[in-house]
Each structure stands twice: as structure tokens, then as C-alpha cells.
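Coming up is one lone chain in C-alpha cells, specifically the form predicted alone.
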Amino acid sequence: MLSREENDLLTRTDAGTAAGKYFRRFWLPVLLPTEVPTPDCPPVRVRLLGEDLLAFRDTKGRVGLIDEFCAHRRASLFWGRNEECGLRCVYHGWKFDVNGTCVDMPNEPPEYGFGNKLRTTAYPTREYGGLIWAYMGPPEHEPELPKLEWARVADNQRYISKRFQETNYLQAIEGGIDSSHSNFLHASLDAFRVTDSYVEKVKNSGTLRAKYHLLDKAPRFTVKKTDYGVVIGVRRNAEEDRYYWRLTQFLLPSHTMIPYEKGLAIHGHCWVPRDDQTCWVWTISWNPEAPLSEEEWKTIRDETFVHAQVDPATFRPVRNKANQYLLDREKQRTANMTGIHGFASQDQAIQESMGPVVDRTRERLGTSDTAIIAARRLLLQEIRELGEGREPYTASHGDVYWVRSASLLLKRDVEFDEGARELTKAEV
């Protein structure tokens, strides 16, 4: 349980807030390149950390991210003309380049010398790992890009999706690092009830998750702090002398990884505040060793796991709060716990059901919330330290992100971080 002050400190990310300043110390994903596909294409609106911005690709192919509203009379530049290395406001013709410099004021006499002196808010961008990233903090503290494995594989070895979620970023992260909910929220009825047919089925399964994950509904949690954030070790009973461990990373400020079994694709998320009540969910699937297989593409297309179908114009999921996530009560009665298709939609439904910002003063936490408590404490510590003048270590050390999640069997007397040391190293 958090105090009201702590909850506000963590969940408010607009400009000028403590958490807002913290997020602005990192490179954040903001766009798919397909949103601004060609030079001089139409601009697109971007809402990020409570700011209304506009992205455009100029004549030279550079991506600008500037204040949506013209510095002259605050008309929206969304209606502007993207031409000749700048975005021109159609109201009075003022034109801004990717650096935010006003390069033309056709309605002002040149003798007044306004030209090239006026600037609007503009943030640097980078194209990296199949995404466009932005840095919104002080120029003197511009950090390294995070050395995430998925950002360094070939394009055909990864798939990235983007979706809009109607919650604060924090409850989305908390869902991502909550390993125990998958025994319930994502379970089939047979798995939840541990029927004889289910037990027989998992005996013949080739994956550790199928064999052990859903058979132990009360896992034990161990959390260890790392240079990138925290690693969460979740222990379940397996064979007589072994535990089944699932390792999840929380990487600052808002990346998570789903436990990975060698030979399969790896999956992760980045949760970026849009404003205090909504966020962008970036979901990544990648295979570090080969192009994504047809089976992996089928999982993506069928939306059975972490990706969800969205409206390509708004990135709002097809299954959403307005249509009750296409809940099927008959399916809930006979097939799975929720009656909602796909892990991503199930997660979104339950997280949005909490309201835009959870009132954490009313929670009653248990031992299964160990990872969530640790992540909150770490974020509170980081945000407060920045307020005291200490810059985030992870922001300036991109190499610390060079890790993988893992799932594996270990002897009961082996520490999980030691036993998984080689598996959690990225290799690309």
C-alpha cells in the first residue's frame, strides 16, 4: 500500500512533475516508422508525457518532433504543409524545421529581423531498432540509447506492435511483472481446475511453462536489484529435487521482459506515459537466432498471446472498453477464465477495470506482490534521487540493457541468478 503522496509522485508524469522529469531523462519510443513513411508525408499527432506534439519527416528524411501548436497564434500545425525541409502553418505561413527553428515568416517585413530568431519546442529523435525514439529532457543530459537485444536484431527477426491503453503507465507495468496472475487471468478452465485431461496433456508437452507453470498456483518470489532495474525470480515446485524458475526483468524506466525458454521467441513490453490517465503499450517479439517462424507469426496474427489487433489510425485495440473487449460469456463458462480472447486483451481489460489511476492507498498486498512492491520502491528512489540532483545511472549506461529473461529448471540449492547467469546474457 502506498501513501497518497507516493501514489501521486509515481503516477503524475506531465511536464514539471518529478516523475515527468525522470521519464524525460530517457529515450522513449514514440512512433513506428510507418507512421511517417516518406519525406514530406503528412504530419501525425503525438501525445507524450502530457504534451501535444507533432511528428513529421522532412524533405531530407529527418524526423522532427515539435510542439503541435504554432508559436505565432497557437493554431494546430497538424493542418500544415510539409514541404522543403519544414512544416508550414497554413494560418499565416510561418514555417518550422525539425529543430524547431522558424525558418520563414512571410507575413512579417524582413527589416524587422524576426527571421531565424524564433523557436518552438522541439525534441531530438533517433531511428533505432525498428522504432522512432525521442528524448525530451535537458540537452546537456542526453543519454545513450538502450542496448536492448530486440533493437539490434535484423528486421525479419522481430515484430513490434503499438496500442493505446486507457490507464496510467504504472498499473500496466505492474501487470507486466505480476507472474502469479497468469495462473488465473490467462488460464483455461482445464488448467485452472487441473483436470486429469490437462495433467495428461502437459506431461507430453515440450515446454517447461506447460509442464510446471499452471500446476503451482502459489509461487514464491525473490527480487534482486540490478544495474538496469530489478530481476524477479518466481519459483514453482517441479520435480522432487528441482524448482521451476521464471525470471522477469523490469528495466528502467518502463521496459519489461516475459520469461523466455531457449529455442522460442522472446517477448517484452515498453510502457510509455501518454498522459496521467493513458499510456502507449509497445510490444516486441523477437528471435535472436533466426527469422521469426511461421508458428511465431501465427501466434502474432491470431492474437493468442501478447499482441492485439488495433485500428491502424488510432492504435485503439479492436477489443476495447467500449465493446467490453468482445467478452463471450459462453466461452467464459466453458473454455477460459475471462471469456476474452488473447492475453493482451485480457491484461488490458483487467487493468482498465481498475480505473485510469489506481488508488493504491486502498490496496491490501500479499507475498505474491513482492515484485510490484520492489518496482515501486525502486521508481520512488530513482525519482527522488533525481530531485536531489543525482542523474539516473541506467540512462547513461546503455550496455546494462544487454540482457534476456529466462525460464529453467534448477536444483533446489542453486540460487536462481547464478544458475541462469549464461541464459540471461544477450548474444546478438
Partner chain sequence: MARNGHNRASASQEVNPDHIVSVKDFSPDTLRNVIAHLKASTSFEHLVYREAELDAIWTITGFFLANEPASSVHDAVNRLHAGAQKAHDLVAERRPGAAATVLEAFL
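Everything numeric here is computed off the predicted structure, so don't read it as measured data. Positions refer to the first chain, counted from 1.
There is also a form predicted together with the partner chain; it is not shown, and the following applies to it.
Note on the interface: of 398 to 406, 28 to 36, 378 to 386, 50 to 58, the segment with non-hydrogen atoms within 4.5 angstroms of the partner chain in the predicted bound form is 378 to 386.
Put simply, of Trp282, Tyr243, Tyr260, Trp150 only one has a heavy atom within 4.5 Å of the partner chain in the predicted bound form, and it is Tyr243. Not displayed here, the partner chain is approached by Val223 to within 4.5 Å at the level of heavy atoms in the predicted bound form.
Arg81 falls outside the set of residues with a heavy atom inside 4.5 Å of the partner chain in the predicted bound form. Interface membership of Glu391, defined by any non-hydrogen atom within 4.5 Å of the partner chain in the predicted bound form, is ruled out. Taking the partner from the other structure, the partner chain in the predicted bound form has a heavy atom within 4.5 Å of a heavy atom of Ala374. Heavy atoms closer than or equal to 4.5 Å to the partner chain in the predicted bound form belong, across 1 to 36, to the residues Met1, Glu6, ordered by sequence position.
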